[in-house]
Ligand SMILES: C[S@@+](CC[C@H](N)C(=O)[O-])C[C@H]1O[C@@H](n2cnc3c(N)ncnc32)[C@H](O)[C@@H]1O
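Single chain ahead, written as structure tokens, the form predicted on its own.
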């Protein structure tokens, strides 16, 4: 199964801290105050669920969260987290297969390190699918590795090593990063906030979807 992290679920957080220290987590937690009270939230590709515990600490009570993750092992770990006082529905499914019967359901969509998994030709369909699930006026919290045409040599070497590692163990379909920014620009999103981490190798941003 493509883009499935079952084989590394138990070690993923350790590997993240080993390579990136706290950068991957910091880039995601800084976005949590942008989630409004009582929001319906879709977390697309949530991994081990550590973010749920941070949401319990930072966000006001009453969030209704759909936690969509293709890895059953990741879901099992996430279910053990303390996510009260929020309501969490765990969905073991590929993000691109979730919610085809739904339209404009969520106030917030979070995509933590999601798009770096997809091949170039699949990124736009996945983006459009998620866009359809976000209400007008909703917020998209985006975190991923940062595409740069002239990336430093160390970033290119690290990225190539990561893709090779995860292609072997997790059948990740991508082999290079794509520039996601034009998709937001072309589909009526305004960038509300932006920050960089780990020598600009990680980018995090808040996009507001144009209302009706």
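Worth saying up front: this structure is predicted, and the values here are computed from it rather than measured. Positions refer to the first chain, counted from 1.
The same protein also exists as the form predicted in complex with the named molecule; that form is not shown, yet it is the one meant from here on.
Original post:
Which one of these stretches, 134-142, 77-85, 115-123, 101-109, sits within 4.5 Å of the named molecule in the predicted complex when only heavy atoms are counted?
Top reply: Selected stretch: 115-123.
**OP:** Using heavy atoms only and a 4.5 Å cut-off, determine which of 52, 41, 59, 68 is in contact with the named molecule in the predicted complex.
**Re:** Of 52, 41, 59, 68, the residue with a heavy atom within 4.5 Å of the named molecule in the predicted complex is 68.
Original post:
Does residue 207 make contact with the named molecule in the predicted complex, using a 4.5 Å heavy atom cut-off?
Top reply: Heavy-atom contact with the named molecule at 4.5 Å: absent for residue 207.
Original post:
For residue 93, is any heavy atom within 4.5 Å of the named molecule in the predicted complex, or not?
Top reply: Contact check for residue 93: yes, within 4.5 Å of the named molecule in the predicted complex.
Original post:
Taking the shortest heavy atom distance, is residue 12 within 4.5 Å of the named molecule in the predicted complex?
Top reply: Residue 12 belongs to the contact set for the named molecule.
Original post:
Quick one: which residues from 175-199 get a non-hydrogen atom within 4.5 Å of the named molecule in the predicted complex?
Top reply: The stretch 175-199, when checked against the named molecule in the predicted complex, contributes no residue at the 4.5 Å heavy-atom cut-off.
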